[in-house]
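Take a look at this one chain, the form predicted on its own, written out in structure tokens.
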């Protein structure tokens, strides 16, 4: 067979194999997701397209037929519901990260190490994500309720649709401080002052991923979905400020 013909057939084969996977990603996880996608694409013919937003909004889009192959939520509830209603592949759900919420201000010395500033109320605006749409917003609400300040701070709260917007409120100065993800501070390289909130003040933020029906028969979607569970991806996630469950330990996945 002519050499040029062989080369042409190889190229055609590579093009046929290469595909694109569209991933819906919770706002808190955008930076790690992009790093994971970049590492994946370095050794794959497939490409990854990321769409971000609040978990609640992405869930609603998937429910209404949005063309996503994978869903990386910031909770376990929505992926579980997608499995139950047949929008996701049964048995594909797993916990890819355990999120951590912090109270943060870009001003050094502004937020004390015990979060007492919430009780003193010496600020004008406090940012958080919507508790209705975003799991990190729900966690912030749980913290304030546990501390007994939720009702008293209502007039000072500034809510973003997702944790990314809450972070922007603080970094732009529209809020003096805010509840954000630890990973956001790491990604931005903005130390400022921070209270690392004890885990007993909010329910664990189990961030789960699920393979959607649209991606069930896609080589690109399945390959990337498995890569998310690899040691390389887990190391990226850990370095960004999340905890990861022990490899192969998904005993809590049904929660």
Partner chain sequence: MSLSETDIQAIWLTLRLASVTTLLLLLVGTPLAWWLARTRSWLKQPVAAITALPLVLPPTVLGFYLLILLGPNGPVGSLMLDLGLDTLPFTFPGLVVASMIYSLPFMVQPLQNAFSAIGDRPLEVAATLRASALDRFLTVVIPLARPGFLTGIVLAFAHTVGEFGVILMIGGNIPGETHVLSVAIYDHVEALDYRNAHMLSAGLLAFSFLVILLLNLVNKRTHQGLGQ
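Fair warning: this is a prediction, and the values are worked out from it, not measured in the lab. Residue numbers count along the first chain shown, from 1.
Keep in mind the form predicted together with its partner chain is missing from the figure; the text below concerns it.
In summary, the region of this chain contacting its partner chain in the model of the complex, judged by heavy atoms within 4.5 Å and restricted to 129-137, 88-96, 143-151, 180-188, corresponds to 129-137. Proximity to its partner chain in the model of the complex holds for all of 81, 124 and 159, with the criterion being a heavy atom within 4.5 Å. The contact residue chosen from 50, 60, 219, 201 relative to its partner chain in the model of the complex is 60, the criterion being a non-hydrogen atom within 4.5 angstroms. Although the partner is absent from this view, residue 54 contacts its partner chain in the model of the complex, with a non-hydrogen atom inside 4.5 angstroms. Proximity of residue 76 to its partner chain in the model of the complex falls outside the 4.5 Å heavy atom cutoff. Although the partner is absent here, residue 108 sits far enough away that none of its heavy atoms falls within 4.5 Å of its partner chain in the model of the complex.
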